[in-house]
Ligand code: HEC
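Listed next as structure tokens is one chain, alone, in the form predicted on its own.
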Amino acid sequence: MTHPLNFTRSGLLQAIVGCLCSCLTITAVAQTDLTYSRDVAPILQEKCVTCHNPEGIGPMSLMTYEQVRPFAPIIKDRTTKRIMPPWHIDPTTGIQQFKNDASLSDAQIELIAAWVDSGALRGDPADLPPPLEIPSGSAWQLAAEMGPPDLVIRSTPYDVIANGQDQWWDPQVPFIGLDKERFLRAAEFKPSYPLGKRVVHHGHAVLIPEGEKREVALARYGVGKSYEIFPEGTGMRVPPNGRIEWNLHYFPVGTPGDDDVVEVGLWFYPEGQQPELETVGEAMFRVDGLNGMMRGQDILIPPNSYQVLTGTHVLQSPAVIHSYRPHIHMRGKVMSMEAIYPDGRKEVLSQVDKYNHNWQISYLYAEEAKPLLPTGTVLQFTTVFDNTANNPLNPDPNQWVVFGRRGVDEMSHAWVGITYLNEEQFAAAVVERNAQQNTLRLD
């Protein structure tokens, strides 16, 4: 396997040219009269303050010049290194059109760096963009767009410990509130505020319909992914009776709390309305423990070394992919999703090359970029584990690492937002996609 950091000759040339162009751009930007009010505040509003506000998960608020100025050198450092905002998709590989792209452009990064280097000036307050109205940490984030939830489900209380290893809470509660089958439009996972937002690392709320063994995944959560809105005309079929199985992963942060409760808000299509497409939401595609092996049996990472795992899944019907969310732990660094089409063509759909276990980001494809996959397509996932001192998240490169639920152990799977189609629906989707692409070319 080629090491992910190796360059081809043409790639090295492109990197050198890109570096020269960036340097020239930085020089040009630095010569302008950059200010916080006119140039930097709009970038921070667009990309940063949803987390960096008094009730957000960011460690400091970045909503005013007085708040930003002391951290200007740190902001330059983190943005230049692309540590912040968190966005770990490889920008050189696969699809690059996303609805929720949180990354900064090269030009934005260069502008921030030049502003800091030129003295981090305030500028004229009259140049400031209108202030944002940021929802409270205890509010439903989707409420501004969709109104209050149609139904709220709640976990049973859990006593959060102050310090210790990972904790799991797996209660079961009755599913109450629907008198007939409905189709889900959106769901939001809301840990309590403020403690829950700090200690709930990820979780699932899964409905087991009454008298059945199948699962209906109502909501899945990770730091970086709190809600999901299905595409227009797409919904999840939700039966009226059953039980909710919660799977909540708590990570202690030094603060105890009694009776912590997690809520999930559900928004449905109007009663009696059935959307055109029925989705399963996020489905797990495993990279470990396939081909008859026990789950995770093939994860065995020696000290100071790497391991690579590949898992393949054959689609038994056409499908459209809405989102991609890798799930690995502290030694996980790379996960790619590749399509191998029935005619033999191969295409890397997406690759996360700077995975960070602290963030569970769901990468939402733009409408015109969603992968449309015919029957027989092989989805191939490849994971690279880095158990060396080169991995800044590695707690101890001298340990053997095996499969496990704790962050210091490892997993290897992807949560893929996917809707399975019939052949007629797939053909119609292909026609619509071709029309979209023709329109984009004309534009």
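Since we're looking at a predicted model, the values are computed, not measured. Residue positions are given as counts along the sequence shown, with the first one as 1.
The following text describes the form predicted in complex with the named molecule, which does not appear among the structures shown.
- You can rule out all but one of 124-132, 74-82, 182-190, 243-251: in the predicted complex, only 74-82 has residues with a heavy atom within 4.5 Å of the named molecule.
- Contact check for residue 401: every heavy atom lies farther than 4.5 Å from the named molecule in the predicted complex.
- Heavy atoms of residue 168 never reach within 4.5 Å of the named molecule in the predicted complex, leaving it off the interface.
- When the named molecule is considered in the predicted complex, residue 64 lies well away from it, no heavy atom lying within 4.5 Å.
- Remark: residue 59 counts among the residues lining the named molecule in the predicted complex, judged by a heavy atom distance of 4.5 Å or less.
- With the partner removed from view, the residue among 266, 104, 142, 160 that has a non-hydrogen atom within 4.5 Å of the named molecule in the predicted complex turns out to be 104.
- Here is the short version: of 384, 34, 418, 48, the single residue with a heavy atom within 4.5 Å of the named molecule in the predicted complex is 48.
- With contact defined as any non-hydrogen atom lying within 4.5 angstroms of the named molecule in the predicted complex, 359 is the only contacting residue in 352-368.
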